[in-house]
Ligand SMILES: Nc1ncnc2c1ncn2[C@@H]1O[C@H](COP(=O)(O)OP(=O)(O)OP(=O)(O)O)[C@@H](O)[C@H]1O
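Only one chain is shown below, in structure tokens, and it's the form predicted on its own.
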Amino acid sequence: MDLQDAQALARAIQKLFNDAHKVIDDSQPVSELAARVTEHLSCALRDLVCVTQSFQNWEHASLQRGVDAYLETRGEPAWYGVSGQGRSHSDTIDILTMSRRGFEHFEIGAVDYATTATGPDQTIDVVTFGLVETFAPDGAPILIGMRGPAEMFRREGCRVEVIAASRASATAAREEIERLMRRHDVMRGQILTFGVSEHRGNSLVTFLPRPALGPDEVILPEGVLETVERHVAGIGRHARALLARGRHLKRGLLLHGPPGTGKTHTVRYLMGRMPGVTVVVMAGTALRAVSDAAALARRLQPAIVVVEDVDLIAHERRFSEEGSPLLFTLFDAMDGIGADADVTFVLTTNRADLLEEALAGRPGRVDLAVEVPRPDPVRRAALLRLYGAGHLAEPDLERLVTRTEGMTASFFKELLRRAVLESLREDPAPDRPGMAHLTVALEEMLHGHEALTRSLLGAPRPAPRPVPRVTDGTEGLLSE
């Protein structure tokens, strides 16, 4: 037998096996699940096409809204699930195929749901495993499957699967679902923070309530608050006009100053003044997700990305001649956002000296740096009034101001709380402390044993005392 005869024999044997497999396959009893799908799609299982799109865990609620919006215009949806061992780590098309061939016993079952957050106080149920029969934009029948994360099998994120006889029909439906998902994004206009969430089914993003602060509640030097608000909110109000004149929208704000002077409080004021703006707050270990935060901000613009205590990552520069990788990741995220994006990066720091060299070496990331200093006497009096001492006579108020030089807003907030507690010990009826209660609280906080407390509340640290020199008595003799 020559080579050509051998090749012909091999092809004939292969065809024989394929034909036999098809005959055996077609003779298998069709499961109820496979029959339902093939009847709706009018197509054999082996000819089906599946188009899949995956998303991050925190986008599950938005995906659910996108699918719901897609189904809303195509009749009443009838979701059903799948029961059977091994379904969690198998794709839907594989489940249908195995069900058809009798490899696994899969049946129509209940839909799997989970609860996830859509706001600080709102949740919705999302499908973590379910199928629904509907139609593509071109009218072709399709099957939509939604899947949630399967942590046991190291499958993260959520995804949508569109199964159809035509790839074009499946792709068109998948694109329309994603378009509707972006339109109904639950994160738009919210305040978000990356980290571990307290909400079930959402382990990466937490929704925070939007603060409501008036300008009289932010005690800063004259003109500082107006400058900050004009830079952050004012540019957004004139976004279209600026773009029409060829000006960029992306901006960076650095708030620097000692701890406790009101940097975070100022940021909270900005959040409240911009109710339609998405805010992503990054702090602590969440800073490692700054690239995801920047991408989210660009998609949901107008947006603000708040990076608190950025000096903590800048401080890592001392361990490497090249600098902090995390700091450079932040800079890269700020660069990659695009000049036309209506996104503000707001950085806060207690140590501007650690950042100045890095920011100066890569100019354009921050275009406004504002110092938030320790309050002067006028501002200290304003803070005392704000936190509950406004009823005091002016001479008493002046005495408190004089004795609290160098103290910050955090110090005054704690001072008034202690004064209230002192008044409650005497009489639970009064709703505000008197000068005597404030004096007792202040004496306690200024006492030597609370030096660390004052430091933690932002008070200046005392200069170290000089160490006395110890000699053997010969120093004076040698100098003569």
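Residues carry their position along the shown sequence, with the first being 1. As the structure is a computational prediction, the values presented were derived from the model and not from experiment.
In what follows, reference is made to the form predicted in complex with the named molecule, a form of this protein that is not presented.
message = Would you classify Asp376 as touching the named molecule in the predicted complex, given a 4.5 Å non-hydrogen atom cut-off?
response = Flag for Asp376 set to no.
query = Taking 4.5 angstroms as the cut-off for heavy atoms, does Lys263 touch the named molecule in the predicted complex?
reply = Close contact exists here: in the predicted complex, Lys263 approaches the named molecule to within 4.5 Å, heavy atoms only.
ask   = Contact between Asp309 and the named molecule in the predicted complex at 4.5 Å, heavy atoms?
value = Asp309: contacts the named molecule in the predicted complex.
request  = Look up in the predicted complex whether Val401 has a non-hydrogen atom within 4.5 angstroms of the named molecule, and give yes or no.
outcome  = No, Val401 stays farther than 4.5 Å from the named molecule in the predicted complex.
key: in the predicted complex, the residue from Thr278, Thr97, Ser410, Thr206 that sits within 4.5 Å of the named molecule by heavy atoms   = Among Thr278, Thr97, Ser410, Thr206, a heavy atom within 4.5 Å of the named molecule in the predicted complex occurs only for Ser410.
task = Let me know the one among Gly109, Pro259, Pro77, Gly157 whose heavy atoms come within 4.5 Å of the named molecule in the predicted complex, would you?
result = Checked against the cut-off, the match is Pro259.
Segment assignment from 210-218, 181-189, 133-141, 161-169: heavy atom within 4.5 Å of the named molecule in the predicted complex = Going by heavy atoms within 4.5 Å, the stretch is 210-218.
query = Can you tell me which residues in 379-412 come within 4.5 angstroms of the named molecule in the predicted complex, by heavy atoms?
reply = Contacting residues: Leu383, Leu386, Tyr387, Ala409, Ser410.
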